[in-house]
Each structure stands twice: as structure tokens, then as C-alpha cells.
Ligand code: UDP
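Shown here is one chain on its own, the form predicted alone, set out as C-alpha cells.
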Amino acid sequence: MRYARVLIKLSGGAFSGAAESGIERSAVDGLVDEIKALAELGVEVAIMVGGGNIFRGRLATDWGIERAEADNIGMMATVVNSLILRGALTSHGSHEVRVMTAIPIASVAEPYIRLRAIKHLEKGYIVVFAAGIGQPFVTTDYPAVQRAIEIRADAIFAAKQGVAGVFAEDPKRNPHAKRYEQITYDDVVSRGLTVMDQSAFILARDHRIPIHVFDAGDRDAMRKIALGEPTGTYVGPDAVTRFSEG
């Protein structure tokens, strides 16, 4: 097995599937199947959940909501997605699932405590992180890397909605854009590639934690990455920047 413990970064869009927003049953079922397949390989799984399918920054701008307030709303959206994911995993008879939040909501989830999260993972529990790091002005990309480092994850699996990796250009604007098979952290930053926040890539670089970026719609991607099969784009300390030949 390539990795023993991973953190999956799920964008809010992964919950809405082909829809613009909201929660789509088949999309959630697909995520559950992927996560279960990964856990059944014996991989310890933590998940950082986004909330963009419920509330996005541009909506706050349209409504005239200040950034700090908007980010608080966004953190609550991640809690909703985390509880949905826990419920779906549990209903499918998956492993024990624990939701841990960076803001106190004791009646529905545990507070985030680093060593407790590690103990849960060692017991084979799936751990879902909600509310980022509990502070405004930060997307869930940076907290995903931070939590991965804190729990001693071997790698980050970054699932992007409708984007099959890191591209030289926006593939939604240019369908002929080239996809990187591998790319170094520094090249991601220097070339201004925005598939994740650049601050997240810099933190990952400084701690030498690999990131695999892939399409959330590829229902076998997580299993293939865990088994060492090339999927999406690999960003890591041993990466050599090159385009995919496919």
C-alpha cells in the first residue's frame, strides 16, 4: 500500500455533483463508495470538508455581507456537509465515523483535539473535520494541509469537482489545456496555478507532504492512488514537472 494514513480534501462541490449547488444524493453515495473502498484497503482515512455547495463567497458579496461574517456562515456549511457525510457513511454500514469541529458544537460533534483524532484513526475510525480551523479569512484548503500535518498523514487526496488534476490553463475555459502528470510545489506557486490556495501548497512544501489532485467524479481515483496507480496530478517533494501524455 502506497500510504497508511491519508487526508481527503472534499470541496463542497463534490456534494452537489452536476448541480450548481445543494446536495445531490448520487454524488454523496459516490463519495461514500470511494471512502469505503479506501478504508477497506486498510488505509486510515481523515476528511476535510468544504461548504461551497451551500454558501459561497460571491453570494456574500452580492448580499453585502462582510467577509468575517460570510466565513462564519461558510464554516457552518461545512458542519452540515460533515454531518451528511457521517450519516451517509453510517447508513451504508461503513466504519465508525467521528465528526470533529474546530468550533464547539458539542451536541452534534466532538471538538477537534489532535491526539484524540490520531487515536480515532489508529482504531480504524473515519474522522471528518468540519469548520476548517475555526477562523475567518481562511478557505478549507489551508486547514486541510494543516490538519494533515497535525495528524501525521502520509498524503493529501484533493478531490476537485470537474477538474481531473492540475492544468496549465483553466480546462473549463480551454478544453485543450494540458494536464500535469507531476509538478513541483514551487512550479505550482511560480506559475500561479490556482487549483488550491497557494498558501496550502507552500505549507505542504515546507512539510514535504504529497498532494494528489483528481476529479471527484472519478469513482475509482482514491483506490487507484492508494495502490500507486497514476491518477490526476501528483505534487510532491520528489515530483518532476511534466505533462501527462494522455
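Keep in mind that this is a model prediction, so the values were computed, not measured. Quick note: we count residues from 1 along the sequence shown, nothing fancier.
There is another form of this protein, the form predicted together with the named molecule, and it is not shown here; the text below is about that form.
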Problem set entry | Contact of N174 with the named molecule in the predicted bound form (heavy atom, 4.5 Å) | no
Exercise. Applying a 4.5 Å heavy atom distance criterion, does G132 contact the named molecule in the predicted bound form?
Worked result: yes
For this session: Report whether the minimum heavy atom distance between G74 and the named molecule in the predicted bound form is within 4.5 Å.
Result: yes
Problem set entry | Exercise: G12 in contact with the named molecule in the predicted bound form, heavy atom 4.5 Å | yes
Problem set entry | Selected contact from A39, A70, L203, V28, since only one has a non-hydrogen atom within 4.5 angstroms of the named molecule in the predicted bound form | A70
Exercise. Based on heavy atom distances of at most 4.5 Å to the named molecule in the predicted bound form, which listed stretch, 205-213, 48-56, 178-186, 31-39, is the contact stretch?
Worked result: 48-56
Problem set entry | Residues within stretch 174-193 having a non-hydrogen atom within 4.5 Å of the named molecule in the predicted bound form | none
